[in-house]
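Have a look below at one chain only, the form predicted alone, in structure tokens format.
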């Protein structure tokens, strides 16, 4: 027997309150599909019984597990290659020049998931900008989900994951065998600090930031939440810093203090001067 509307409404509200992720009624099937394993792991017969427990207690570990189960953690190495091309060809060379006296860089990846995106940036730095090894590069990667962050910190990936977007030359150079899997080298792992952070909660990142990756995240939020997040990013970005969003995302009609920057097929956003 499926969930009744009252239970579905409760779950939608819980996920929205805790994460600002909007689950439309047409997506209700995801609630049953993703929460049944959570219910089973907690010893409940079905999702309806899980909802009963959630409603009986104001908050507990189950609430967190439900929210984390409803987050989307789709990611690949060098996903949608264009932002990484722009980093290599335009952004890092410019920052190396403009920051050459203070020799510092601050980077934030705001949807780290299992780590492929921040590690892609890390490998790009290692491969193309070895001079940054003598700089102070603060690279923070955050995500709401603690389970995926643990995977990111471990840096262990199955072959099916390394086959998605990772050039064979970089696999050979920056990964080591870990049984049947591959683990990214320790020197790349040490470049990045992974932290749990909720985008609608208190932020642990501080500015000024030179590069912000917040890709394929805003699509899950409503307009007020998008505006709030973009406003907070604007306040943290350096005057010549850049924000990278997903291909289907934009600051247009959300935060008019940004301007669009395009280099070939790559797009980013910077504070207006």
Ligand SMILES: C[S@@+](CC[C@H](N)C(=O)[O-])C[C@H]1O[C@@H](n2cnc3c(N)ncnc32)[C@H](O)[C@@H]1O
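Not measured: the values here are computed from a predicted model. Positions refer to the first chain, counted from 1.
Missing here is the form predicted together with the ligand; even so, the following discussion is about that form.
73 is the sole member of 159, 89, 73, 104 with a non-hydrogen atom within 4.5 Å of the ligand in the model of the complex. Between the ligand and the residues 121, 166, 111, 192, the one pair within 4.5 Å by heavy atoms in the model of the complex involves 111. Although the partner is absent here, residue 261 lies well away from the ligand in the model of the complex, with no heavy atom inside 4.5 Å. At the 4.5 Å threshold, heavy atoms of residue 21 reach the ligand in the model of the complex.
With a 4.5 Å cutoff on heavy atoms, residue 44 does not count as touching the ligand in the model of the complex; it lies far away. In the model of the complex, residue 79 approaches the ligand with a heavy atom inside 4.5 Å. Here the chain stands alone, but in the model of the complex its contact with the ligand, taken as any heavy atom within 4.5 Å, falls in 216-224 among 234-242, 216-224, 32-40, 45-53. Shown here without the ligand, the chain has no residue in 253-273 lying with a heavy atom within 4.5 Å of that partner in the model of the complex.
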